[in-house]
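Listed next as structure tokens is one chain, alone, in the form predicted alone.
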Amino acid sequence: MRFSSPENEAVALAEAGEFAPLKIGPLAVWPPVVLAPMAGVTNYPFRSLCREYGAGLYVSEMITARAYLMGHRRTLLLASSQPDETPRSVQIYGTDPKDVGEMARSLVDEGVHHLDMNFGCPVPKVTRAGGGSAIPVKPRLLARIVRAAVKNAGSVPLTIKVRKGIDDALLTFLDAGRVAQEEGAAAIGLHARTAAQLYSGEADWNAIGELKSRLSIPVLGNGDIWESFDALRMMRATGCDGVIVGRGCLGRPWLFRELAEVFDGREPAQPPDLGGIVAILKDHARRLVAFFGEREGLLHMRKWCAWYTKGFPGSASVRDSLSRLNTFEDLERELARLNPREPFPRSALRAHRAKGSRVQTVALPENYLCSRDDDTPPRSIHSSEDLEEWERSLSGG
């Protein structure tokens, strides 16, 4: 029996040969699925967990070029990998072509197999400084940054990720697609919301189809992939070459197994029951502790506990306790209160596990829209104190 929400109960499995591997330069990604870079989420522990459930491409959280070049300890840790991570993919954030180029060259020397660039971050602190979603407003600046990254990446493919635009009155995704193709990017990913929307409402899949119709390079669709069958629906509706999975996998790393199954034409396995999820949660906690150390790893784990247990009846009080956990013993004690035989609730399939439903007026630098042909990079960050504050504010876009 198929376990899916009403939106997906009638979706047919992939037929043999219906979809092709995602081609990103020399990489052939099957299934054509990419883990979205998400700040505070797609560190090595989570990427390694997702990778064990299915093949695909797993991108790091956004790494700031200036902080990386300054040798910022935490930035270097988040950009790091392990020998089992192949292909290794890192997302770069930068607004200065020189910084971006130097970082791309350094990562290639380290053996990175794929680079992505973030031009979709909607966080006010970022856009107010002329970065993130503000950069595609100025196509010539975008072109300079992409050109520098592509040149220094050499044979390593570079992709970019954008949003539709600032708001419905200022859409930038078609210009961004043109720039990406002209400057040698291997593919472009489109989060089909504006920066003003943040994560609210429904993603505009029609925009993904429009971008695909204009370009010869691969286009990846991002937005509202909550279940494996959503990926099939998106690709059939838009003709895109692959999907980017973000919030749908939070607390559900097995979603990548389900995606691999439906793209191979097989019914996906049932989601794990609560006992199975507790085992995954503990595994995830151990990986975070090994990577960050016990104190920071368990601080990370607080939000993950809420995401893993969301939707299960009677779990609210346990989630409340887990939001304050400090030791592994705290974690095991609270998890022991849950009923391991509780089945995964159908209502939790499309439950939003992060990011609110609010909208915003996008903050831009003063007079920013008066000079859209300007290709001058915004001011770089130079002090370690500014870097600390900046990186705390970043988003995966």
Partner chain sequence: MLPLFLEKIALVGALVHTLEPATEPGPAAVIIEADRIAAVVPPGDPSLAGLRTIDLSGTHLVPGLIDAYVNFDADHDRLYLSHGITLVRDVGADLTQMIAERDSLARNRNPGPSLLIAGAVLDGPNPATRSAIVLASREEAVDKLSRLLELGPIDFFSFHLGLPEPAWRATIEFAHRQQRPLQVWGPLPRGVSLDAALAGRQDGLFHLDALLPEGRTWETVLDSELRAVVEKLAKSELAVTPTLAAYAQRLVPPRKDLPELAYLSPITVAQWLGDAAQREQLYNKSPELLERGIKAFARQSALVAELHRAGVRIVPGSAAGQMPWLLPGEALVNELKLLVRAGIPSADVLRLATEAGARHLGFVEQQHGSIRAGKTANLVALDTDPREDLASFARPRQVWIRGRGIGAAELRTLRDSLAQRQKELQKLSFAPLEIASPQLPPGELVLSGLCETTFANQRLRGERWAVVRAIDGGLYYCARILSFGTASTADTLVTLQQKVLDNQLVELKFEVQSGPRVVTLEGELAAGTLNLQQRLNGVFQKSVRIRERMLFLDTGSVTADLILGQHGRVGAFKALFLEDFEPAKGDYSLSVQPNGERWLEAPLGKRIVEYAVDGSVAKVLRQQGNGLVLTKGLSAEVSGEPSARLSNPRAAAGAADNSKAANPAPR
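Positions refer to the first chain, counted from 1. This structure is a prediction, so every number in the text was calculated from the model and none was measured.
Quick note: we don't show the form predicted in complex with its partner chain, though the next part is all about it.
- Not one of N43, E261 and F263 places a heavy atom within 4.5 Å of its partner chain in the predicted bound form.
- In the predicted bound form, its partner chain lies within 4.5 Å of some heavy atom of N152.
- Contact annotation for G293: at least one heavy atom lies within 4.5 Å of its partner chain in the predicted bound form.
- Mapping the unseen interface onto this chain, A237 falls outside it, with no heavy atom inside 4.5 Å of its partner chain in the predicted bound form.
- Contact check for S106: a non-hydrogen atom falls within 4.5 Å of its partner chain in the predicted bound form.
- From the list 120 to 128, 264 to 272, 295 to 303, 195 to 203, the contact stretch for its partner chain in the predicted bound form under a 4.5 Å heavy atom rule is 295 to 303.
- The partner is absent here, but in the predicted bound form a heavy atom of V289, alone among V289, A143, L170, I280, sits within 4.5 Å of its partner chain.
- Checking L27, A348, A39, M70 for any heavy atom within 4.5 Å of its partner chain in the predicted bound form turns up a single hit: M70.
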